[in-house]
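Take a look at this single chain, the form predicted alone, given in structure tokens.
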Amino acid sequence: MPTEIYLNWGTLSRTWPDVLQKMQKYQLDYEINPTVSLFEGWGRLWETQKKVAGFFKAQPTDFYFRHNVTVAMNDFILGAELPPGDIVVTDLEYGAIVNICRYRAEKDKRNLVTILIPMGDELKSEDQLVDLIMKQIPQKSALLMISHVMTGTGLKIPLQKLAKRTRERKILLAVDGAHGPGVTDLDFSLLDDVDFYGGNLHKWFRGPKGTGFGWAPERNHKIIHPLMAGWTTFETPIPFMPFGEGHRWNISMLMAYCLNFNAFYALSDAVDEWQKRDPRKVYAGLQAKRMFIQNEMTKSLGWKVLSPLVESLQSPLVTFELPAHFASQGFEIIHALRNQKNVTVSITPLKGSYALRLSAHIDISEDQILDGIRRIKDYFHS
């Protein structure tokens, strides 16, 4: 069996090696005296939250940790006070998050409206995309839920432009940032028109598995109510006082229960890793890998690119249209490629069919990518 080629960093990226080592050390240190570790942990968690929030230029009191983006999106979609009106999603959204919207819509007896977003060369510019989205949103809409980066095609939404328009129309904007952190310079000081953002830190940011966050500007704290009650819901008991500097909303959103938070502590080390590497160089490296994959796949297999061709709308995720007779195989292609060719890819549901999605981080060499593409071609041409 040939050496494994991993071309699905978009589903889960490998944690930075140094960060993984630190997390494992924290895990072992915690077990020396779990009781002391737990009660000393709240202050340590707050220091970590401040550091990670600072990396994204967010106020730490607007930012809180969760295990993944799905939990964070539940916090807002189910926990926020919504005005009357429809809930709107796009036809490129991740199914689990759409189901949260559907659940809220059915619970409140609202309409769930799906708007259409083009793919590939149909997308011409950021302004065209934003205009297209806004024209489809019904006049009486309460919430637009949209991904920062679409998991199916890798389309990156120009959030500042879109958020300005939704706020003008008094439509709440909730962003599924599963693929946002680590893909682009995510700067919350520029996103005050966004009403909520949930993100993953175990994808492109390359933090430990099971780390994510939610963010909401101060103006929206009053409309977001915790879905889970516990020790810090109404007051701050003494053991939790080192957390949050007295900020009641942020403390009420705390995961205030017995847990080894070593994965979250290691996010501090992930920030150090990013700063050591220079984020701008990482983002540029990801774009270079993305273009290399797109160009080599097009030359080798000639398949249609479903991801945007406009650079400002691109992310490291590159998606290709499967020939119809292969698209019907769906997720079985993932297992077949892994078992037969030892290459890992993503097969993503997309507008009623399936497509092949490839993604690589800066660690993957061009030679490894070429080897992976050769194996993919061998599989589909055999």
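These numbers come from a predicted model, not from an experiment. So that there is no doubt, residue numbering starts at 1 and follows the sequence shown.
The same protein also exists as the form predicted together with a small molecule; that form is not shown, yet it is the one meant from here on.
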Give me the residue from 151, 166, 307, 232 that has a heavy atom within 4.5 Å of the small molecule in the predicted complex. 151
Only one of 267, 178, 171, 157 gets a heavy atom within 4.5 Å of the small molecule in the predicted complex. Which one? 178
If we take heavy atoms and a 4.5 Å cut-off, which stretch out of 128 to 136, 200 to 208, 81 to 89, 267 to 275 is in contact with the small molecule in the predicted complex? 200 to 208
Contact of residue 97 with the small molecule in the predicted complex (heavy atom, 4.5 Å): yes
Is there any non-hydrogen atom of residue 37 lying within 4.5 Å of the small molecule in the predicted complex? no
Flag residue 68 as yes or no: does it have a non-hydrogen atom within 4.5 angstroms of any non-hydrogen atom of the small molecule in the predicted complex? yes
